[in-house]
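A lone chain, given as C-alpha cells: the form predicted on its own.
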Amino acid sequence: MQAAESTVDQSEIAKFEAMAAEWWDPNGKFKPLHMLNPCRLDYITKQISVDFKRDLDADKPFEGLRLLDIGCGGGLLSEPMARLGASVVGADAAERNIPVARVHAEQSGLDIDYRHTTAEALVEEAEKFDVVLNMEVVEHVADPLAYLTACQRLLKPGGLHICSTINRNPKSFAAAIVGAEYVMRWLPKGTHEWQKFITPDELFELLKKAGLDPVDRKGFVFNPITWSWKISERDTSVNYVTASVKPL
C-alpha cells in the first residue's frame, strides 16, 4: 500500500480536504475553477474529438470511451464528460471529496464511478483508459515524474493524456499566488507553492521521460476586463495545458 501512494503529498491533500464541501459553490473557494471550466472543457473536448475522430455535434460523442479524471475533486470535469457519453472514473486522494462528488452526480442523474484512490493504486489494479484527464494536479504531488509515469501506465496504447498546470516565473507568482490568494482571495493562502510550479518545457520533458509523446500545448489566459478565460496559442506564461499520446 505504501508503494501505491508514493507520489501523494499529504500536506497538499489536507488543503483540499478542508475545502471539500465547497466544490459546487460557484462563488466559493473553487470559484477560479468554475470560471476556468468552460475553457478547460473546450480544450479537452476538441482534443478528444480529434484524437478519436468523434463528432462533437453527436448526441453522445464520447460513447465507448473510458475516461479517468484523476484528482477529480467534486466532479467539475467528470460530470460533463459523462454527459458526453464517456464511461467515467473519477479518482481523488482526498477522501472527503468523493462523497461530495457522488451526491452531486446522483442529483444530476449521472452514473460516475468515483473512488478514493491514487494513480499508483489504479496501476496496481491493472486499470486501463482511453483518456486520462490530469488537470491542476501535477503541481501538488511529491514526485511529478513518478506520478506522470503512473498516468502513462493507465493509458491504453494510443490513449490521450491531457495535463494542465501553472508555469513557474515571476508573472505566475504574481497572478496565481499574490493575485488569487492574497488580493482576490479566490483561494486560501498557501494553496499553491510557487517552487512546485512547472514550466512548459519541464513538463514536456517529464512527459517524454514518462513514456508519452507530447503533441500540443496552449495557454489559459484570464482577461480581467471581460472577467473570462480564453485559450491562447502562444501565452503559456501562467496557466497552460498540454496534450500527449501513448505510443501504439
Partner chain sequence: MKQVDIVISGGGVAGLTAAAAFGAEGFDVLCVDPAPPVTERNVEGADLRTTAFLQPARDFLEQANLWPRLQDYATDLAVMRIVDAGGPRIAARMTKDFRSSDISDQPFGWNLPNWLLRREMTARLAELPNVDFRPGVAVADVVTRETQAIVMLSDGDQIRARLVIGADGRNSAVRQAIGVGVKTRRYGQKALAFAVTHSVRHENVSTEIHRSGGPFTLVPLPDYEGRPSSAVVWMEEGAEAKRLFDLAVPEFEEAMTERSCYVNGPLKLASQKTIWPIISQIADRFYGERTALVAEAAHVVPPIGAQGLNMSLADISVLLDLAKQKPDALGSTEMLQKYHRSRYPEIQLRVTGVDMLNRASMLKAQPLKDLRAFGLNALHSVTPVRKSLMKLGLGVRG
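Residue numbers count along the first chain shown, from 1. Treat the numbers as computed from the prediction; the structure is a model and nothing was measured.
Beyond the structure shown, there is the form predicted together with the partner chain, which is absent from this document and is the topic of what follows.
A heavy atom within 4.5 Å of the partner chain in the predicted bound form is found for one listed residue only; from 214, 32, 211, 61, this is 214. Proximity of residue 51 to the partner chain in the predicted bound form falls within the 4.5 Å heavy atom cutoff. In the predicted bound form, the partner chain stays beyond 4.5 Å of every heavy atom belonging to residue 25. Proximity of residue 204 to the partner chain in the predicted bound form: non-hydrogen atoms within 4.5 Å are present. Remark: residue 218 counts among the residues lining the partner chain in the predicted bound form, judged by a heavy atom distance of 4.5 Å or less. Residues of 146-162 placing a heavy atom within 4.5 Å of the partner chain in the predicted bound form: 160 alone.
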